[in-house]
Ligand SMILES: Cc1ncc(C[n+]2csc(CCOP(=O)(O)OP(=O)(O)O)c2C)c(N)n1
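Shown next as structure tokens: one chain only, the form predicted alone.
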């Protein structure tokens, strides 16, 4: 189904003022325009991706999220970060390769995270963050916090295996997560006909067993309504929602812009007329909340804020080699040797089972997830008896989705749980290789050594 915007007069009073939402959209636009200029000047390192034309989605979603809700972004997430309250100076510093950046200058534009704001990070691997959002939602569900997770991704990511696996897992476990697909019509240069046979991605929601809606992603009010309703469903225990936000990126795929723009000029022109910023400005003018003087004031304020962030960040200390090793390795614990040797003997599997039992008993944040680990007790019987003792919430059977549940474990570890993820055979690790290598192994480094990711992956 499609979502239509609520009439402004019926807009709930607890939402941010419309003028504040307009200013936030203008701030994102100015940030992106200046970032593109700085990239062309060689001031911004690596690569970066502009969200110009998609600001209404970031601002509309953030406006109805709670401060404690989890946010997972993607490679085009500057707008999501700013709308969620990220610091402009630290964002610029990260893109400049400065030590004061969110990731100490080690992650760059595509990996900014702020765990203090429950922003769990962005990702250069398309679609990889979706299972992480499921893990955060699992943490919220098990702890009963009332939090929800919101995962942003593009139409290209909707074809990734991690996206399908994460959504199936979320629906199966009725996790409080909202999947927001920013369908900007193109994955780099490929239009939807190149990527799939179904035009409307929201049609897939029924196959996962979740609600699915098509939303005008350039209408801030429609975005607010759709996300607010989806979050309410999530908090009520009704499970996840798939929101397909129809939008358009005004710029090329990345700020590098070194490839020909193969998009039909007529299509580009058609969507230029639907640009969310002037569209929202017209609405506010019609309501008498904006005039030329107020627009000029807003634009002057956001330019001042962005330029100040740039000025301070440029003067900051460059990224340091001293941060490299601490970003890779967390604090190492040492454990005393047993006071005395005993005659007691245990086989390997029995030792694993007993170790799991001890940890589960000692720490309620420890959970075990994997295929057939519950009533069966695992293929090698390593979890035998644990399901009966600790229940299905902590000894969790999963669908056959190695990438999905390994990624879920990562998200759970980022948000306070201590997951033990069991892969039935080491051969199956290849199915989850991205989540193991690019995510679990690298996230601490990409986030500048900030997070602790107490994840155990166990296999035979």
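Since the model is a prediction, treat every value here as computed from it, not as a measurement. Residue numbers count along the first chain shown, from 1.
Omitted here: the form predicted together with the ligand. The next part is about that form.
Contact with the ligand in the model of the complex, judged as any non-hydrogen atom within 4.5 angstroms, is confined among 228 to 236, 73 to 81, 113 to 121, 277 to 285 to 73 to 81. Contact annotation for the candidate site: 45, 94 and 99 all lie away from the ligand in the model of the complex (no heavy atom within 4.5 Å). Among the residues 218, 109, 184, 139, the one placing a heavy atom within 4.5 Å of the ligand in the model of the complex is 184. Only one of 327, 214, 312, 126 comes within 4.5 Å of the ligand in the model of the complex through a heavy atom, and that residue is 126.
Of the heavy atoms in residue 224, none are within 4.5 Å of the ligand in the model of the complex. The closest heavy atom approach of residue 155 to the ligand in the model of the complex falls within 4.5 Å. In the model of the complex, the ligand sits beyond 4.5 Å of every heavy atom of residue 90.
Among heavy atoms of residue 168, none comes within 4.5 Å of the ligand in the model of the complex.
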